Structures are given as structure tokens and as C-alpha cells.
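As C-alpha cells, one chain now follows by itself in the form predicted on its own.
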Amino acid sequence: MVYGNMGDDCGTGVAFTRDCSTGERVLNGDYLTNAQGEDVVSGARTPEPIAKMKRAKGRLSKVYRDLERLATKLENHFKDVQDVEFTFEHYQLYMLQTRRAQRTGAAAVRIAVEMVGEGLITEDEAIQRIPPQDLDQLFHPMVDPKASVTVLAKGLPASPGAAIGEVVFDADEAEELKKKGHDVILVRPETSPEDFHGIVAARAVLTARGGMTSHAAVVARGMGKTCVVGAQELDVDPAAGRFRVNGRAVKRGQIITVDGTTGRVLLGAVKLVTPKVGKDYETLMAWADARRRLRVRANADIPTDAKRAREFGAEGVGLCRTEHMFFEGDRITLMREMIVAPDEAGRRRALAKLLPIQRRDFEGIFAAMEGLPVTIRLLDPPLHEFLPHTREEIAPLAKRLKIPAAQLERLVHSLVEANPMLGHRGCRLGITHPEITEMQARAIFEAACHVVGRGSKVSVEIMVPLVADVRELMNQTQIIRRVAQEVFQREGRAVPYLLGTMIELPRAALTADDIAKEAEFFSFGTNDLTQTTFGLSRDDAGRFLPFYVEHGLLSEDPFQCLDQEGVGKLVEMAVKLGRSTRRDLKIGICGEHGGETSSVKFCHRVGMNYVSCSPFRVPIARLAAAQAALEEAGVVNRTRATV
């Protein structure tokens, strides 16, 4: 036994062999003289920084030099940064224990790359050492770990980062305040397409309802915007301009901080820290890209998303959700005009106005991707999602569309479905209203021809959603091929393209061999495939899934980490069946699992060609894919266990 509390020539402390916030190779930590170990962390006394030992006169500086030599010896042995507890008695240093030090994402990258340069580890070990999800910290402001916070509520961490702003409850108000230079947090019970412009304007989005694949979560992730959903403790009252939580009322205009990395909602403005991406990150990702087999694409719905995806290293667009193109400005009004049209002729008139808008967006995406593949999903959501639902919302729209409000209200009610996510959407919409598929196909092919005509390359993949039977796919591909020929003949040039489908229903997975007779590629929509396999509503399950995980009924939320035992078996079966019919079938995944580490590794194991995820998760997928390749090759990370 040694004692640190036997006088001023004794002491105790905790040292880190490198700075675990920045990764700098410098010994740091805290110590106390005339104290025992618990005194350093108890808060009863304020410790001194270890750097002060180095500057001290007399024998205390020798303790520092001994500690430096010990740190070097431990790093050389364990090949990793160490968290060391020590005591010195009468200036004699004693190590009590050492363990692997926790570190930030930025520090982890720098440390791994520098240790390769120092000859401590190999490039393969550096790749395996970084938890891919930690890369998220490199691109978003984060709550300072040292900050004192007041937690109002906790929800699902739908999109990482942290943001500070004034609480607003209305999308229009969010947009107006943004124009005036205000930072705002949009708080809603849940969001809909009508809130899109408010999400664009807000620094962050907070909802009381919804899951990891709800509207707010998907849209915010695509923009790289902080988002917390399913904060069930919130009682949001937009009309009153406030939300209540645990006996506290937060009113319009009050400042809150939303932490999308942890799911916390914090009172007031909390100190944020912004990491920087440096050359060490570029070095690590170059090593990773050289080793992975899986390609990594991004889910991008507009040209700005596609450009951002390229900046993060995306090798194409794996999912362009065409319905998201209709959320901005007057576009949603044109979409509504099509929906409320009384007949096919009326729908075609409205679609003719939408066609140039879609064509322009497709041209922008094709140009941004510069010949990399772009997978475009045809219109998917239930039509009623585009329509207002209260009388206060219906009246101004009816006036703008020049129809009686009562007529529009009846139409809205007629479109409401008991279970819209399993209703009149996806390919079912294109089958009953083929003019919609025609318009979208024409916009795609005209855009492709125009971009090719300007001397650029284009790689087009058109994806038909929610197919359950090969005959549904045949119906839609016949329309698409006919329109392609019409456009190519008129434009005087042809553009190569692939036709495929999104596998998001169990029946599609079970009959994948039949579907592959018509499909040239599969893309697994694991958001809906998880929903339909479990029989869970992805928007409502957030109310009880945390309880399931907490009590061990599920190891993970299946909407965050792919359920490999159930949903994964359907995926693996569909891959094998599809390639039994078409050996060169291109296969990818475009659900949110495409950016989650364990799910990416699963996709590698079952032989997919690519994964696709939101732009900000592309680096995570790239690193996870490299780790999967190294694991398959049997490359072992020889970092030793701590003692």
C-alpha cells in the first residue's frame, strides 16, 4: 500500500498519455498533493493540471519526468492511449492502474493516424480502431461535455449535432424569423410536408411524436440539421405558443438547446464546441477507401444535397425521393392542384406544370454527380400527406385553387386512409394513375438527354417503389420504357438506364426470383421492410420501443440497427433469390440502416454492391465498409486489452 496523503511531498492523480479531446501527443491530466485517489474526482478540492508538475522546482518535476517515461512505456506496450491512475509517496511514483482512454472522434482519428506514423500500429489497425459512428462528431457542433446543463426532456437522437435557438411552433413563423436573422428551433407535435420550409429555416427540429424514420427525422438528416423526435414528455400546444414538460412551461421565443447526438432537450443556450476536419481525417479515409469493397452512395433529393454528398465522398445517389422535390415554395400548391383534379385531364394539366420543375431538379442532380449513378424513386407517399387537414388550413388553399372550401374538405376526407403507409401509395399510385409515372419518366429522360447534350455523362437508375408482385413492376416498366423511346426519338439521342425496384415488403423478398426477371437492380428500403416485417408503425413505435430495449425485449431499436435475425433473413433470402434469376443483379440498400455500422457490415457479408445513406453519414458508411472488408479477410486488430 502506498499513500498520497502523508504530506506535501505526496500526492495522487489521473494522467492521459495524450490529449483525449484533441489527440495531441502531450501528457495531461490532474493531480493533488497530500491527497488520496478519490479526492481528485470527488470535487472536494480543485486539482492542479499535470503540466504544473513539469514547471515545478525541486523533486516534483522528477515525478513528472518519471510519469512521462511511464506513459511512453505503456503506449509502446498497449499500442493505445492510456488513462493512468497514480500516486507518489515522498516523490516516489507508483502506478495504480491503467486502462484504454476514452476520446472524442476528432482525437481518435488524429491518434490513430499519428500512431501509424510512429510505427506503433498498422494502417489496418488504425481503420479498425475508430468507431465509425464517432466520425459524426467531426461534422457537427456538439454540446461541450464540461457544460452544466438543465435537461428538459429526452427523445430519439434522429440527426446529430447541437443547435441553439428561439422556440417557434409554426413553419411560416420560422421562415419569417430566419429572414430577420433569428436562430429558431421548430417545435411541433409531429411534422408534415407542409412544414418543410420551416425545417429549412430552423437550426433544429424537435417533435413530441415520431420515430427514427418519421418525416422530421428523414428530412432533417438529409439536410444535416439537428433533430430530436419522439420526446414524449413534451405536451406541445402550437395554438397557445408553448410546450409543457415536467411541470415547466416553455413559451414561444424562449431559448433552448437541442442535442441531436444524445436526444436531449436542454433549457437555455448551452456552450457548444465545433470540431475541425483536418488532414488526419483525409488520410484515414484514403486508407479506408483503398480497402472496402462496398460502394457508398447518398440519399439526396435536390441538387444541393447531391453536391454535399459528393463532398463527403459519395459515389452516387442511391435514393432520390421525388416527392421531396415538391415541398418547397409553390411546388406543393401545384402538387395539390394535381391531387384535387376531378379527372385524368385535370391531373394531366397539373402534371404538365410540375414536369419542368422535376426536370430542372433532375438536371441539377445529374450535373452534380458527373456520371456517377443516380437512383430515382418514383412518387411514393400517400396523396393525403400533401393536403391540409384543418378548416383553417383548407380555406386559404381552396381560395388559391379556386374551388369551394367545402368541396376541398370533402376531398381531403375521401383521401384519408385507415392505414396510409399500407395504402394507396408507391407503385399502386402509378398503376391507378399512370399519367403520374409518365410525367416523372419524361422529366427524368428529358433531363438526362439535356445534360448529355451539354457534354456531361449521366447514369440513370429508375426505381419503382412498394412492389409486392412482379406484375406490378411489369405494368410500370412498360410505361417507363415507352416514354423513354418517345423522349429519345424526339431528342435525337438515347441514354442508357436501368429499371429496378425497392424491396420493402416481405412478399417482394419472398418472390425476389420472379421480380428479378423484370428488375435490373434491387434496393432494399429497410425502413418499410422493418415496419412491415415487425408489424410496427415506424412513426408510433418510438413510444414503447425504448422500453423494449431498456428491458431486454429487443437488443436494439430495429429502426436504428437492422434486425439481422428477422429482417436480415428476408434481405439475405432476396439477395440469393434475385441473383439466382439474374446473376449480374445490382443490389443496394437505401434505408436509414445504410449509415449504421453493424448494418453496413451485414450488407457487406450478404454480398450487396453498395449502401446509401444521408450525406452526413457517408463517412461512417465508408469506414464501416472498410472494417467489414478487413474482418472478412481475417485482419485482426492486435491492440491489447487494458489491465
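Numbering starts at 1 and runs along the sequence shown. Remember, it's a predicted structure, so these values are computed and weren't measured experimentally.
Unshown form predicted together with a small molecule; subsequent notes refer to it.
Taking Ala202, Val187, Met502, Val317 one by one, only a single residue has any non-hydrogen atom within 4.5 Å of the small molecule in the predicted complex, and it is Met502. Note on contacts: among Arg538, His215, Arg110, Lys225, the single residue with a heavy atom within 4.5 Å of the small molecule in the predicted complex is Arg538. With a 4.5 Å cutoff on heavy atoms, Thr207 does not count as touching the small molecule in the predicted complex; it lies far away.
Contact annotation for Gly591: at least one heavy atom lies within 4.5 Å of the small molecule in the predicted complex. Contact check for Arg103: every heavy atom lies farther than 4.5 Å from the small molecule in the predicted complex. Contact between Asn527 and the small molecule in the predicted complex is found at the 4.5 Å heavy atom cutoff. Heavy atoms within 4.5 Å of the small molecule in the predicted complex belong, among the stretches 483 to 491, 375 to 383, 346 to 354, 508 to 516, to residues of 375 to 383.
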